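To begin, one chain is listed below as structure tokens, in the form predicted on its own.
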């Protein structure tokens, strides 16, 4: 460590320029605090980043749709003034090798006709299901827009919070209370089985329950993850997802612009190697190269493993807390394949037009298909026929590709970090994984392979090495039931404080969890300001 310590003292240093770190910085700077954000890469955004990796093609490298960004953060930080422009993603298409596939449209009548092709009963039930899920999302909304309730605390404010949640629970109709119980305990498959009979409908609907988890559609707890993804909200409409015009990185750029406007300083290519702890207090950070920077508070936007077991070190942690963090499950299970193509894919089941490609395309023909994909992952291999969620953002946002050409973004499940050969062998298997994705798409859209101009393949190992996500987990830790709310990232430490004085957490490994949400960053900043710790 260099003896020279940077003379500037900040109120807060944010470690990591992901979207949550930037949100935290913006709120602190807006309150008049002197804030510095340190990002190790040359580009801001963490997993919410856009890069031109092939001439004329802008890829949303990791996160590719905006589903959970909290409306109150957009309003508080005036992100529209800073360039945020969301394009609603209004339809979902599930192709089949044979038959017409299934498309769920913005128009209820069209969707009803599509579902009726497989089940007249499901077509009747589908609107009621959507209404109940919207009610559940509205019930959960106050939980994700506020710090996690603490059932172990006896302080009057915490007890009042619990009483308020209990009152809201009592006000639910009995059917909704039962549905909420099932959502918190059941598998996505079992929950959907109670509503629908058609495998063609249940399969794509169940996929929201497995995104970013090392679980299958029949694993208990995945029903909650399904609900988590129903929390998307654009202009007051739940279950609304969207594209960010110009790529997902524009979300991070808009937040960074707001933070700078409030006075925050942001540095890229500034990798933090150590959070310095002296006498139980976090006092400074040391950058690669030796530069040391002091602040009244250090805030980590990194995941819990990287923060505590890496930047801080176990020797500075209470034994019980260190053990809890070590047990916090990462288990990355997702990969990403980005394509630049010279023409739109043509799906054999719907060869005419492109309207059905203006939302997301889910390669999820049946529940059995999804469970077989999981089976391969359980035994340490990537899925040869994976679940793929594909989008063609250039169809609705021509700015991301040259005229007549397109960007295709593929989220892929399953790609376990811990392959049987060992994670360090992922580079040897990267292209085989990419081939499995392209081969799968080729079955549904013949000719796709020949249209590819450029391909980027990101395995969980790549997400760890390039983006800094431990084990490649896109949520900074699984959204399993034992890792939610007051237990995220450890029991007793879910309200952004840590056992180390003046060290805070603001990333997705804290409540309320992952996705481009921003709530962890905003709530951490509000907790810091309320405690006047900055």
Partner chain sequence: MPLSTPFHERTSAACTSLHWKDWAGYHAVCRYEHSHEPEYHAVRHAAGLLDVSPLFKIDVTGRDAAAFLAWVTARDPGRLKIGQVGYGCWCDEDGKVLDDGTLTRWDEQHFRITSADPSYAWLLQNASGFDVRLVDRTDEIAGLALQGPTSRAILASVVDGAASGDVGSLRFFRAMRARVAGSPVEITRTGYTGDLGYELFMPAKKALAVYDALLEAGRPHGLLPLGLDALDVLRIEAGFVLMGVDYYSARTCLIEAQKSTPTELGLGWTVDLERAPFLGQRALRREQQTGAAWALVGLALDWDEFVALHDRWGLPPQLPAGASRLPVPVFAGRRQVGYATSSTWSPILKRFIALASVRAEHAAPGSVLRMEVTVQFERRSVQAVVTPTPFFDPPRKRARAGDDA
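Model, not experiment: these values are computed from the prediction. Numbering follows the first chain given and starts at 1.
The same protein also has a form predicted in complex with the partner chain, omitted here; what follows describes it.
**Asked** Considering the partner chain in the predicted complex, which of 267, 81, 110, 384 comes within 4.5 Å of it through any heavy atom?
**Response** It is 110 that has a heavy atom within 4.5 Å of the partner.
**The single option of 97, 438, 120, 146 touching the partner chain in the predicted complex, heavy atom within 4.5 Å** = After the contact test, the surviving option is 120.
**Item:** Candidate spot 494, 501 and 533, all three touching the partner chain in the predicted complex (heavy atom, 4.5 Å)
**Value:** Not a single residue of the candidate spot has a heavy atom within 4.5 Å of the partner chain in the predicted complex.
**Prompt:** Does the 4.5 Å heavy atom contact test between residue 125 and the partner chain in the predicted complex come out positive?
**Reply:** It does: once the partner chain is placed as it appears in the predicted complex, residue 125 has a heavy atom within 4.5 Å of it.
**Message:** Taking the partner chain as it sits in the predicted complex, is residue 135 near enough to touch it, meaning that at least one heavy atom pair lies within 4.5 angstroms?
**Reply:** Yes.
**Item:** Touches the partner chain in the predicted complex: residue 171 (any heavy atom, 4.5 Å)
**Value:** Although the partner chain is absent here, residue 171 would stay clear of it in the predicted complex, with no heavy atoms inside 4.5 Å.
**Prompt:** Picking from 126-134, 452-460, 386-394, 255-263, which part of the chain touches the partner chain in the predicted complex when contact means heavy atoms within 4.5 Å?
**Reply:** Among the listed stretches, the partner-contacting one is 126-134.
**Residues of 509-529 having any heavy atom within 4.5 Å of the partner chain in the predicted complex, listed in sequence order** = If the 4.5 Å heavy-atom criterion is applied to the partner chain in the predicted complex, 509-529 yields nothing.
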